[in-house]
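This document opens with one chain alone, in structure tokens, the form predicted on its own.
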């Protein structure tokens, strides 16, 4: 699947380099992260279509990274790589929202087959980036929010905020998760900045009385369609 961007988190430098080169040779775009913290930073700072996580990594293991990713993104496919074959580990991975599990050692062809199978059964890249919000249509790729023929071009941060909220319509999104995903840090100043952007998004969405961004006091936000 050409133009599919993959985030690969693997702390073994030799295996990581081998896998990333093989994925690129098969037509994928691949970014290699050498530990869990770097992997999560990469995911929050860039757009990826697929995530491959080694379970045993320093600083932040694959399970922790998957949990953080699922806190802000419920859709991007996740495949775990592990040297373990314990049933409990597999169940934990699926409970965290993994799409598949591959136990080392594995063949390169099997990895590609698993990736392609997951991509085939999940939404296409175009579908993943179009979000209907009642009478609005949000196009993440073009950063345009449309309403009855009127278009609003969003800034990068407005776009990232709305994407996370639109992926979780009717669900509470933790404030700190939003800050880390869009700003990379949940400090006070970034929090004030995010509040300004949320106010702007509310203004853009106020043409439809059924749509509302609700503030969950002390916790986060929820995009509601009444």
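Positions refer to the first chain, counted from 1. Not measured: the values here are computed from a predicted model.
If you look for the form predicted together with the DNA, you will not find it shown, but the lines that follow are about it.
- The closest heavy atom approach of residue 46 to the DNA in the model of the complex falls outside 4.5 Å.
- Proximity of residue 157 to the DNA in the model of the complex: non-hydrogen atoms within 4.5 Å are present.
- The DNA in the model of the complex comes within 4.5 Å of a heavy atom belonging to residue 216.
- In the model of the complex, the DNA lies within 4.5 Å of some heavy atom of residue 192.
- This chain appears without its partner; in the model of the complex, the one residue of 28, 50, 63, 197 with a heavy atom within 4.5 Å of the DNA is 197.
- In the model of the complex, no residue of the candidate spot (138, 163 and 222) has a heavy atom lying within 4.5 Å of the DNA.
- Residues with any non-hydrogen atom within 4.5 angstroms of the DNA in the model of the complex fall in just one of 129-137, 73-81, 108-116, 148-156: 148-156.
- Within 4.5 angstroms of the DNA in the model of the complex, the stretch 160-180 places a non-hydrogen atom from 175 alone.
- In the model of the complex, the Cα-Cα separation between residue 219 and residue 41 shrinks by 3 Å or more relative to the displayed conformation.
- The pair residue 40 and residue 154 is looser in the model of the complex: their Cα-Cα distance rises by no less than 3 Å compared with this form.
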